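Below you will find one chain, with nothing else, as structure tokens; this is the form predicted alone, and questions on how it binds or moves follow later.
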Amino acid sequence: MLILLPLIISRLRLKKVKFFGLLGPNGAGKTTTIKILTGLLEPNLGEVLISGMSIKNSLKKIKSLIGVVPQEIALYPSLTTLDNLRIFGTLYSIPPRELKVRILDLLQVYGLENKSNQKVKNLSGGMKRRLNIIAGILHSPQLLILDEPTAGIDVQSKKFILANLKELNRLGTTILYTSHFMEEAEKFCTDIAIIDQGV
């Protein structure tokens, strides 16, 4: 049994190249689970392995393999779309030439190519969500962890984001996706686990 404070999760196994949904109501423990998986919180018992490596012993290596898209927008509002992505790309140590190409490609895929010089604070909610996702996938992670990436956005933006995540998964990225919308998860996820009151 794997016990994660304040969660109790029994042998939760996420297989490679799956689109895995972690479902539960608000306050169920989804965000806490993500914090443990990304090394922001320590489990009080048991262990977490990613690509066979322990979070306790190999967090630095693991961080290069995962991308995280938090529930809150994690961008610099007073900077432009392009400046934000340059900062995140530098944090991931992506070589400048490669970063430039990667940014242009992803802006086009996510429909933001005309917003590169616009300040983030002036973007719509759906555009901020898209940019948040781009920041999490700039370094081509093997595992992408998303905490309710479609919360608070319009239906059109939601469909666009989920379709792009499905394509990203088809191309080989394993996805862990938290939500409290069962219909959404049933449509897009290959595997589902439900968490409620930390269990």
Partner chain sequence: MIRKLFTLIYKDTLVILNDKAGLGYLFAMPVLLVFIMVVIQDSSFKSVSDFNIKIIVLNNDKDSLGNTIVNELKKNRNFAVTEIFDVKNEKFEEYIAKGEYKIGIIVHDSTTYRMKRAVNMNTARMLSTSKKNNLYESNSVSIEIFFDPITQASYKLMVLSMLREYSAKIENRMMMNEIQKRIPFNTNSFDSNNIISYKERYASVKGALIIPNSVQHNVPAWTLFAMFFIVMSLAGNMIKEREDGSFTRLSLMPFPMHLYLLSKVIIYLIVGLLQFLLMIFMGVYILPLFGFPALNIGGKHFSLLLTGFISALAAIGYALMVGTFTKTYQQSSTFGSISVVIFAAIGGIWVPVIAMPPFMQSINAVSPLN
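Positions refer to the first chain, counted from 1. Remember, predicted model here, so these are calculated numbers, not experimental data.
Same protein, other form: the form predicted together with the partner chain, not shown, and the subject of what follows.
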- [ ] Assess the spot marked by Leu75, Lys119 and Gly136: is the partner chain within 4.5 Å of a heavy atom from every one of these residues in the model of the complex?
- [x] yes
Open item on the list: Please tell me whether any heavy atom belonging to Tyr110 falls inside 4.5 Å of a heavy atom of the partner chain, as the geometry stands in the model of the complex.
Closed with: no
Task: in the model of the complex, Leu40 touching the partner chain (heavy atom, 4.5 Å) - done: yes
Task: Ser64 within 4.5 Å of the partner chain in the model of the complex, heavy atoms - done: yes
Open item on the list: Whether Arg102 contacts the partner chain in the model of the complex should be assessed with a 4.5 Å heavy atom distance threshold; does it?
Closed with: no
Open item on the list: Using a 4.5 Å heavy atom cut-off, which residue among Thr150, Asn132, Thr174, Thr33 comes into contact with the partner chain in the model of the complex?
Closed with: Asn132
- [ ] Could you check which residue among Val68, Ala28, Leu168, Val48 gets a heavy atom within 4.5 Å of the partner chain in the model of the complex?
- [x] Val68
Task: Contact set, 79 to 96 vs the partner chain in the model of the complex - heavy atom within 4.5 angstroms - done: Leu79, Asp83, Arg86, Ile87, Phe88, Thr90, Leu91, Tyr92, Ser93, Ile94, Pro95, Pro96
